[in-house]
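Just one chain follows, in the form predicted alone, and it is written as structure tokens.
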């Protein structure tokens, strides 16, 4: 099965061959690296920008308004904060011109902890992004969803923020992407040769060309459609990205030890999010935990909790809770500090036990 990096790469290739993608660019996005996480290796439209995040967003906006269909990348989500004013302009352009101009661009950036990246390579961004009107925001947890959401993002006539989790970039999927060959064949076809140093990599890739799978399709995951990862009857966990997998581990542990049946909802799209699926799940279980790794103050999960209380207050059997990252300025470099900064499986187990112990 493909990894998330391979899935994004194949979706971008399909986009430049079939959906009109004209430029895939950002810091180290073009050859020889093809992105620091290899999500743009081998793409014919990929090129390297200067180390200038504001320039990247501004260029993408200009290309989109000129009739192109760019996909820009901010190398790490931590680096995107100095572009907020430009992101606001990108988001409000279609609205402010009364729909006369479309802005068909995708901005992709990798977010979250999980690689011991410390304070400059571990931030989440979804809560901030959700406060910038005019953007659709996606954050997949699986390779097949990454592929399908990228295709939907490319096709959309207005800006899409494609966030993807660092901790899952090398994790193989459990479902095959339509047109994806066997994983060993896929690696041989589209993974560029590597080496111990940048010089070795550059030399190895002088004549390298990818051999793209011929059966790739425009498989899409629609925006605003959550995925019920597993069904349950006692409590709903609303989450996304890496914590989908942690929630599954916690649910398996609770099923065995406590007999608790956990329903897990993977939002996939954060804006606009799938209220109907979430509310229907909560009406069934009567209990809910919202789970993510962003810092807790003004966390996007707080918005979800507000909506849940408004829509399902009289159907709740216990107070809804948010389990988020620690309220600290950054994620520490040492593994102990990183683990303490982000909700872990045992934290999820403890929180669910607490919610289920509350009497209606």
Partner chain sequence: MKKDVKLKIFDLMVTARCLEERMIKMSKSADGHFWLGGPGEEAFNVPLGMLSRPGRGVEYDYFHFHYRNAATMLAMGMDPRDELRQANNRATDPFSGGRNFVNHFARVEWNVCPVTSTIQTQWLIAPGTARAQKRHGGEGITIVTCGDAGTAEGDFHIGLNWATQPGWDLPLLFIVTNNRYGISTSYDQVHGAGNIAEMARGYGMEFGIVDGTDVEASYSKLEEVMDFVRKERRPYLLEASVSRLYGHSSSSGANRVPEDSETDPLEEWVKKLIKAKLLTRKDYQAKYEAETQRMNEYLKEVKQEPAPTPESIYDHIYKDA
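Numbering follows the first chain given and starts at 1. Every value quoted in this text rests on a predicted model; they were computed, and no experiment measured them.
Another form, the form predicted together with its partner chain, is not on view; read the next lines as being about it.
Its partner chain is not drawn, but in the predicted complex it has no heavy atom within 4.5 Å of residue 297. For residue 158, a non-hydrogen atom is located within 4.5 Å of its partner chain in the predicted complex, even though that partner is not displayed.
Within this chain, residue 56 lines the site of its partner chain in the predicted complex, having a heavy atom no more than 4.5 Å away. Proximity of residue 99 to its partner chain in the predicted complex: non-hydrogen atoms within 4.5 Å are present. Here the chain stands alone, but in the predicted complex its contact with its partner chain, taken as any heavy atom within 4.5 Å, falls in 80-88 among 171-179, 197-205, 231-239, 80-88. Contact annotation: of the candidates 213, 286, 117, 134, the single residue with a non-hydrogen atom within 4.5 angstroms of its partner chain in the predicted complex is 134.
Shown without its partner, the chain has 22, 23, 25 in segment 20-42 as residues with a non-hydrogen atom within 4.5 angstroms of its partner chain in the predicted complex.
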